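Just the one chain here, the form predicted on its own, laid out as structure tokens.
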Amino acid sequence: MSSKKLIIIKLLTAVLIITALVISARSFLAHRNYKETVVAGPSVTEVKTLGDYFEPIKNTVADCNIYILDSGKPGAIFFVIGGTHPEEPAANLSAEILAENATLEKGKLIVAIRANRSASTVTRPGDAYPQFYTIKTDWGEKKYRMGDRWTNPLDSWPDPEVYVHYPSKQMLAYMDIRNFNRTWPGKKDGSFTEQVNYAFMQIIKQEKVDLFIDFHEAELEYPVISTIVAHESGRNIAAMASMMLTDMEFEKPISMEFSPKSLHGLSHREVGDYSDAISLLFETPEPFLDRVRGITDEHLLLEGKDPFVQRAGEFGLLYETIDEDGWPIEVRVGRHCSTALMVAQIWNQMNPGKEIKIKNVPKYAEIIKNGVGHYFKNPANMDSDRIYYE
């Protein structure tokens, strides 16, 4: 081959590589900067940001919205977060339903839809995650960022060889320094994710939160699934909620588990230990996360149907059942919303005189019947001062 042909081949190769890099960079940038609309519901009296509670977070990628729903009447204060792990869409969608629909008649509800906002700006490298997914609404499709389990490496780098949790000094996997549910209660001068956790602890303390709820999803291969994980301070509420929901609302049971005292960094342990709030974590099944899954696409994410995961269940390799109906997003969001409402109901029974009364939030059966998107408002029809961006 002549030197002239070799130069041409090299130039063409360079052009192809640069073109691929430019296309990829534009795609990654569009995903990172995409804004999701949220219409503040009737009881939202104020929208703060995380940086209002901890100044170093202000105007960073972590500075998520904090929706305050205040009845104006004294009562209990609940704090609900979604988006701890943005690869678990039922969590942020459930939190958004609360922010857009809940009417508070007594007490106060605080909601964070994208708790680890940074993790929602990147998808899982090498796992072929879709960058976006859409939810059908009564007025069209609503588009969301798909995220990862960990804080974006662009915002937190490098990872250590071993992550040493603060303050327990327990050694965890290196990437858990970017795992929002392994870095509670946070550290004021710690890593990026530890500072985000610290900021959330300031909300809990400054707002005098009585009960904290962390929405999650889990793969069916994971033993902590279809459950309420409770700090010992919330065991009675969690146990009663589990029994009532299994008996009265859910087609498949929801269990209750104690937060392990020897495993640190998780919200259900550290929030309960380092604040006065009762701490609960809800898990729903998400086949999209299973290692044995097939094509990793938007259909699997939202429909929760996969023949490979179903086959693994037939061999007894899963901790939750799955059939041809799968675990669609309506079921998963419905379970979260109903569980939150049941916890509030039981709290009220146990704390007369300090109730929280939440109305107009759909329950499990309603969400399955009407779809998740039915409960999202069209921003085009709303006043601009009621529209916020995640």
Partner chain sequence: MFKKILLLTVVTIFTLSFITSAALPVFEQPAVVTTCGQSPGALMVKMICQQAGVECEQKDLLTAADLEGSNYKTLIVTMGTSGKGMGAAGTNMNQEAERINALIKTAKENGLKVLGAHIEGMSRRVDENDAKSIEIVMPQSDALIIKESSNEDGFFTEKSEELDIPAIYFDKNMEMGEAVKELFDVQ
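Computed from a predicted structure; not experimentally measured. Numbering follows the first chain given and starts at 1.
If you look for the form predicted together with the partner chain, you will not find it shown, but the lines that follow are about it.
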| item | value |
| --- | --- |
| In the predicted bound form, Gln202 touching the partner chain (heavy atom, 4.5 Å) | no |
| Partner contact for Val229 in the predicted bound form: the partner chain, 4.5 angstroms, heavy atom | yes |
| Distance check, Arg235 to the partner chain in the predicted bound form, heavy atom within 4.5 Å | yes |
| In the predicted bound form, Pro260 touching the partner chain (heavy atom, 4.5 Å) | yes |
| Among the candidates Tyr144, Tyr222, Tyr274, Phe192, the residue which, in the predicted bound form, approaches the partner chain to within 4.5 Å (heavy atoms) | Tyr222 |
| Answer option from Leu301, Ile77, Ala239, Ile135, heavy atom within 4.5 Å of the partner chain in the predicted bound form | Ala239 |
| Candidate stretches 103-111, 252-260, 212-220, 87-95 - the one whose heavy atoms come within 4.5 Å of the partner chain in the predicted bound form | 252-260 |
| Contact at Thr45, Phe54 and Arg117 by the partner chain in the predicted bound form, all three, heavy atom at most 4.5 Å | no |
